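In structure tokens, one chain follows: the form predicted alone.
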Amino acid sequence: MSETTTIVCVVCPVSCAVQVEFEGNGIIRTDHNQCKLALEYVNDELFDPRRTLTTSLAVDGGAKPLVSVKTDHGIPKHRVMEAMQSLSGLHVQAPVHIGDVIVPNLIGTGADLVATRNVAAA
């Protein structure tokens, strides 16, 4: 039996409220999307939702106490809390440069955790 839901597409500034009818792992039909980009977004959001994880980590010996970090691509949404827990208590040694890989292959997701800010040594 098919289900219906509405997903707001965030691919472009229009933010279409796409109505989706789906069954199992397949989309039957969509409505109210103004472009084709919404179809891939809706499919991913329904069947494999991913999020970019952003947070801050403590810096030892740095001119600033924290460095901002993010994953280089989305990780499975249901694993975001697990990823955050794995970072609990992690400290980074200064200096840190934008793009430095802080944690490669975060919790086996294939996504690297990278610095998004420079922090000089104190």
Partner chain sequence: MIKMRSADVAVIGGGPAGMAAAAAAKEAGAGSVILIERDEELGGVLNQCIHDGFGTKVFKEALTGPEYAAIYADKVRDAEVETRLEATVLELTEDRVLTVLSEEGMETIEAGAVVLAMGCRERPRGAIGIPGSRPAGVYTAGAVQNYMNLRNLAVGRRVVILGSGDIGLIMARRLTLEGAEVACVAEILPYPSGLARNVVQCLEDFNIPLFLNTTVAEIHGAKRVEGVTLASVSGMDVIPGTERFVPCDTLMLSVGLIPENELSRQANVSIDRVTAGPVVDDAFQTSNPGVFACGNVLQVHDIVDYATMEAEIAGRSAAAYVADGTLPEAEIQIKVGDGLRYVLPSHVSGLDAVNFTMRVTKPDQNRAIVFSSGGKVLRRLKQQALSPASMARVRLGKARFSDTREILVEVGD
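It should be emphasised that the depicted structure is a prediction, and the values quoted were computed from it without experimental measurement. Residue numbers count along the first chain shown, from 1. Throughout, rigid core stands for the largest set of C-alpha atoms superposing within 1.5 Å between the two forms.
There is another form of the same protein, the form predicted in complex with its partner chain; it is not shown, and what comes next is about it.
Undergrad: State yes only if every one of 5, 19 and 39 has a non-hydrogen atom within 4.5 Å of its partner chain in the predicted complex; otherwise state no.
TA: Heavy-atom distance to its partner chain in the predicted complex: none of the three under 4.5 Å.
Undergrad: Would you please decide whether residue 14 lies within 4.5 angstroms of its partner chain in the predicted complex, comparing each non-hydrogen atom pair?
TA: So residue 14 counts as contacting its partner chain.
Undergrad: Is residue 97 close enough to touch its partner chain in the predicted complex, meaning at least one heavy atom pair within 4.5 Å?
TA: Flag for residue 97 set to no.
Undergrad: Within a 4.5 Å heavy atom cut-off, is residue 56 in contact with its partner chain in the predicted complex?
TA: Residue-level check for residue 56: yes, a contact with its partner chain.
Undergrad: Does the 4.5 Å heavy atom contact test between residue 68 and its partner chain in the predicted complex come out positive?
TA: Yes, residue 68 sits close enough to its partner chain in the predicted complex that at least one of its heavy atoms falls within 4.5 Å.
Undergrad: Determine the residues of 68-83 with a heavy atom within 4.5 Å of its partner chain in the predicted complex and present them in sequence order; the list may be empty.
TA: The stretch touches the partner through 68, 70, 77, 80, 81.
Undergrad: Once the core is aligned, please say if the CA of residue 37 is shifted by at least 2 angstroms between the shown form and the other one.
TA: Yes, because once the rigid core is superposed, the C-alpha of residue 37 moves 2 Å or more between the shown form and the other one.
Undergrad: Given a core-based superposition, decide whether the C-alpha of residue 115 shifts by 2 Å or more between the shown form and the other one.
TA: No: residue 115 shifts by under 2 Å between the shown form and the other one.
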